[in-house]
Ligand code: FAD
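Take a look at this single chain, the form predicted alone, given in structure tokens.
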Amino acid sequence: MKVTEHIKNANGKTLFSFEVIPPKKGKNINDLYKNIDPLMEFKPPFIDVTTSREEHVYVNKGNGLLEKRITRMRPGTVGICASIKHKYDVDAIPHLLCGGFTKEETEYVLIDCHYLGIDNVMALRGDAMREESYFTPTKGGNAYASDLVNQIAKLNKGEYLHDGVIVEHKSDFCIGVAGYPEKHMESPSLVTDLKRLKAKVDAGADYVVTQMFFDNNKYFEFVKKAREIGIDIPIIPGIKPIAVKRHLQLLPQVFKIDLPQDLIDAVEDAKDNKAVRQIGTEFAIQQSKELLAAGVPVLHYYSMGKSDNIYAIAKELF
């Protein structure tokens, strides 16, 4: 079922969802299941599965020689989605990236998703590779998320990349995109960033999931400004509970977001990361309660591979 249908069928009730990360190559998928299992108590209608970019690794060839190779450390997004769908009877949403994929490779992934009965996809540009200062489009790939949305929307109409395909049964993907309440790190202003979001909506996006934020007023203002420029699709808030002290530096650095001073003070005063995890959980509960009272369509949590704190938050709310 489409995300938009889940929201419509909820009749105004806020839904619970979360995001998981594929295990690294060589790891057992049962570790992922152990983190998903407890959260099924709260009946998530869908679960997101991230996709990792390719990265460079150096292989020792002997005699002091290193060979530079490209690999993906966390492959298997579509396979994990199929597994989650089969095991839990819940919709699983693969993340699709512009970076690292040609348009043809993207089309193959979409065809696989269609065969597997996957109804939703999340269309993202993706980040730059570690050694890149700025994002560089893959040769033969989509340069922007709006381009990726456009490709998916065309496939939904039966338009493949190459002519001569006889369409007997079209895909009908529900397309999610990212929104940034504090603007994307590369955008010169929030106004410009909202224009880019509008371009994704005009290309065919059906719903938005926001980047993590810690000040609800920024989310409310973001939604207000989005509505003012004609973005009328659901805007789902994304929540990330602080879990370790280094998040105070890591999250603002990586995601270019602000943290509330009271949260910063509490984390800095915590005696260890166990106390930090509790502080982050309690803050996310209060943040979620305010969003719940405002009637957001879904509360979407970034679990980052661990679910105990997400379970504690959901237990208070659902």
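Note that residue numbering begins at 1 and tracks the sequence as displayed. Quantities reported herein were computed from a predicted structural model and do not represent experimental measurements.
Keep in mind that the form predicted together with this ligand is missing from the display, and what follows is about it.
- This ligand in the predicted complex comes within 4.5 Å of no heavy atom belonging to Gly141.
- Within this chain, Glu132 is remote from the site of this ligand in the predicted complex, having no heavy atom within 4.5 Å.
- This ligand in the predicted complex is approached by Arg196, whose closest heavy atom lies within 4.5 angstroms of it.
- For the chain shown alone, Asn156 is not a contact residue for this ligand in the predicted complex, no non-hydrogen atom being within 4.5 angstroms.
- The candidate spot formed by Lys103, Asn120 and Phe173 lies out of contact with this ligand in the predicted complex, as no residue has a heavy atom within 4.5 Å of it.
- Comment: this ligand is not present in this chain, but in the predicted complex one of Glu186, Asp89, Glu228, Asp202 has a heavy atom within 4.5 Å of it, namely Glu186.
- The contact with this ligand in the predicted complex, taken as any heavy atom within 4.5 Å, belongs to Ala178 out of Val223, Ala243, Ala178, Val109.
- Residues with any non-hydrogen atom within 4.5 angstroms of this ligand in the predicted complex fall in just one of 243-251, 157-165, 78-86, 210-218: 210-218.
- Within 4.5 angstroms of this ligand in the predicted complex, the stretch 236-255 places no non-hydrogen atom at all.
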